[in-house]
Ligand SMILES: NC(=O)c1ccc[n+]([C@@H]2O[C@H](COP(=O)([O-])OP(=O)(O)OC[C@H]3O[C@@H](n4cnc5c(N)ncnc54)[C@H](O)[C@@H]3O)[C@@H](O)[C@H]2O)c1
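Just one chain is shown here, as structure tokens, and it is the form predicted alone.
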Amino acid sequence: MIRIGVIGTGIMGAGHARFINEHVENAEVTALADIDLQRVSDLAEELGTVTLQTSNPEELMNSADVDAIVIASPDPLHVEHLRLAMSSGKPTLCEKPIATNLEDARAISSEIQKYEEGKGKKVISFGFMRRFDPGYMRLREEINSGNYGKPLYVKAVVRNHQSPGITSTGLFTNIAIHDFDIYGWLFQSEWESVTSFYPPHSGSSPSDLKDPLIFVAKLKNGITLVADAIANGTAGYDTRVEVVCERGNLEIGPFGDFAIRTTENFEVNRGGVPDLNWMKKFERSYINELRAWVKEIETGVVNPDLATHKDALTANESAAMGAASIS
């Protein structure tokens, strides 16, 4: 049984903890850390497996009751917590982003590389869960089949219902960063350029938040992404993607449903009551990712789809290109 400590008990941390206990074999959550000890206590009572409750992440990481660590703390704390995790020597899954600015991202990525070289193995993984989503896995399968010709461009949206505390830069490093990672992974290419635009400001967002965001990004292999990111939308949580190919279009709908559109059959996506955050839509993605991470710890065999520090840095560098393109 791999005993896991979770840092952060907000939406992400609590979600990871529940998924581990309910769906990941040979693993359980034994420790929780958060500055909000009441939230820690409530989640610990729900889980029923927690032996350590603390407000001190370092105490959790160095506990004899913890074999591996999930970092789901607020984005600005990731660098600090990654350094503590490396000091503990324990396998770690850190939620994206690796850092909130490019300088810190490059610094901590370099530190992780030296650390893992010293260990002689991969130790730190990053949470880009779309790589494990059934819809994106199906998308990769259909593209690689060649049945629809080569992919030409991608249209995508990622629209949060609410994003408390997010910054204008955070629309790139917290929301759009998923697009930079998943399409680089899907098409096995690096980003060449990103051009960003701001449409009229949404009255649903604070006056100092530049929301929504539209961006056009081009991969080195020529495939172009046209996307928007909204921090505070009015239609619930909404993510969709359409890959336009030579002989058909492939789409993942707002409920994870998959549609193929060709001259023989034009499928449509289903509707329904929207979710208010990402946890339900991507539940299977998180579970698959956590299972892959635990299996990697158990076997020592690296899963090629689990994001590395290099992948996380690449996503941050792409997000930085987007932020820099704003005049």
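Keep in mind it's a predicted model, so treat the numbers as computed, not measured. Each residue number is its position in the shown sequence, starting from 1.
One more form of this protein should be noted, the form predicted in complex with this ligand, which is absent from this view; the next part is about it.
Contact check for Leu313: every heavy atom lies farther than 4.5 Å from this ligand in the model of the complex. Ile223 falls outside the set of residues with a heavy atom inside 4.5 Å of this ligand in the model of the complex. Heavy atoms of Met12 reach within 4.5 Å of this ligand in the model of the complex, making it an interface residue. This ligand is not shown here, and in the model of the complex it never comes within 4.5 Å of any heavy atom of Gly322. For the residues Leu77, Ala107, Val216, Leu152, the 4.5 Å heavy atom test against this ligand in the model of the complex is passed only by Leu77. The single contact residue among Arg261, Lys295, Lys280, Arg39, judged by any heavy atom lying within 4.5 Å of this ligand in the model of the complex, is Arg39. Heavy atoms of no residue among Ser204, Gly253 and Pro274 are located within 4.5 Å of this ligand in the model of the complex. The candidate stretches are 136-144, 68-76, 196-204, 115-123, and the one lying within 4.5 Å of this ligand in the model of the complex by heavy atoms is 68-76.
In the model of the complex, this ligand lies within 4.5 angstroms of at least one heavy atom of each of the following residues of 89-126: Glu95, Lys96, Pro97, in sequence order.
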